[in-house]
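The data below hold one chain only, encoded as structure tokens and taken in the form predicted alone.
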Amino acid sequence: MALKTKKEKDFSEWFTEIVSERGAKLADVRYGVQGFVVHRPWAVKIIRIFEKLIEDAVEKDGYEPILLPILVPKKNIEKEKEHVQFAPELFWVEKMGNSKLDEPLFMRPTGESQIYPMYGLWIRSYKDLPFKKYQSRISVYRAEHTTRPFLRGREFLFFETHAVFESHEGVLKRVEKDMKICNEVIRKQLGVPFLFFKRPEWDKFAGAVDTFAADALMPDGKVNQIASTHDLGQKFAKAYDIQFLDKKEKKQYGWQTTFGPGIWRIMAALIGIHGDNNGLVLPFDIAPVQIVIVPVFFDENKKLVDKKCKKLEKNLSEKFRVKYDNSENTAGWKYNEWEMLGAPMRIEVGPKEIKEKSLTLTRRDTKQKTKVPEKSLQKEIEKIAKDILKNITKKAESWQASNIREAKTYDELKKILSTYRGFARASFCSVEKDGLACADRVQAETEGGKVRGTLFDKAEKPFGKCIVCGKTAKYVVYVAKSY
């Protein structure tokens, strides 16, 4: 029941297969509208678990949930001149029943144009600040040209925080905290490594002062932007009239940030980075079913084994998400199915285990089998659960580190992006507007290699002249192909 396509030979086809009916049955593209996919139960369960981790993290940091309508008045997108760049990507609603609307409505592509008019009504005083709200478990809509489940869609799952502060200092501190949330949830709990960049001037979010983003390296050497946070300065506050009375009773415009962990993109990273040729490999805490119990018996001892499995399921369910697979499928079929779904542990129960008062425990990541005395089972599960996360994280981080290469010449840069892919680290003249010509040349001559930016959390000194134009280099940038 292993996947037909080998991950190391054709990642693109492997990814398509594991997502589809032939694999872990995560999404179905046969809905009939391009870019709009059906999320199947296993995918929804995984997403809800890690999305809850993000919700808990932002709420712990003082954010409160809100939920706004899907439709937005046309006038709202026109208020922020740079944000109007979203217009070609919008889906429009122009009729209600048989009647034409007086004003067209667009379906949200992101939350600024729908949330900030409300912030202008809700915020009155410095006492209201910082004002921190978030939306989760919603969809957004963009007219993307190419689509692929969990990587790019015309409808995709979305999470966004929006904060307003008294000063720019609050914004900069917020960006650092957003990066810490990414690190705590995505890296430490999901085992997905990434590099956190400050994007170049020409690659900012529409209307932002600065954009910062987390890029995870996928097995095909392309980068997957799994989260972003934006310094919006006062641009949107002025466009949407978000003002507050300061301590001197004077009106001031707020300073804003927005943070977006990419729910779809995080799911893609979990699938692609940890998965293998037998299916998904999930961190223990993220798996919808953490432990599957599989009975192994002959007809004469079926009742005995069944009774033991039910008791074991009941006892373990007090602490873990457990499934006793008592279907009529063969034991071998069950092993393959639960490996495909990425269940972190499998417990086999047969007459031998019952007699010896021990259980055979198999971990998904390494396929290693362990005989565990029944009285020590819970402690062993907890120990292996931690080790699974440690193991898959170490493997992913090692792979990412081995695919960051230093390019000292332009020819080396092109070779890295065409032969090895991954990140090419290079000296660069500028990440302001005057560096755009060099960035455009790189993108054109490497078939899509883009300057991803400079490391946010580490200052790096150039190790030569600008790799493209030969002028004095002021920065070290990372270049990679992306989705």
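None of the values given here were measured: they were computed from a predicted structure. For every residue, the number given is its place in the sequence shown, counted from 1.
The form predicted in complex with a further copy of the same chain exists for this protein as well; it is not shown, and the discussion that follows is about that form.
- Proximity to a further copy of the same chain in the model of the complex, defined as a heavy atom within 4.5 Å, singles out one entry of Ala439, Cys429, Val37, Ala57, which is Val37.
- Judged by heavy atoms within 4.5 Å of a further copy of the same chain in the model of the complex, the contact stretch among the candidates 100-108, 194-202, 404-412, 273-281 is 100-108.
- The closest non-hydrogen atom of Glu460 lies beyond 4.5 Å of a further copy of the same chain in the model of the complex.
- The shortest heavy atom separation between Glu21 and a further copy of the same chain in the model of the complex is within 4.5 Å.
- Not displayed here, a further copy of the same chain is kept clear of Val209 by more than 4.5 Å at the level of heavy atoms in the model of the complex.
- The closest heavy atom approach of Trp333 to a further copy of the same chain in the model of the complex falls outside 4.5 Å.
- Taken together, the three residues Lys188, Glu339 and Ile392 lack any non-hydrogen atom within 4.5 angstroms of a further copy of the same chain in the model of the complex.
- Taking a further copy of the same chain as it sits in the model of the complex, the stretch 110-134 comes within 4.5 angstroms of it through a non-hydrogen atom at Gln114, Met118, Leu121, Trp122, Lys133, Tyr134.
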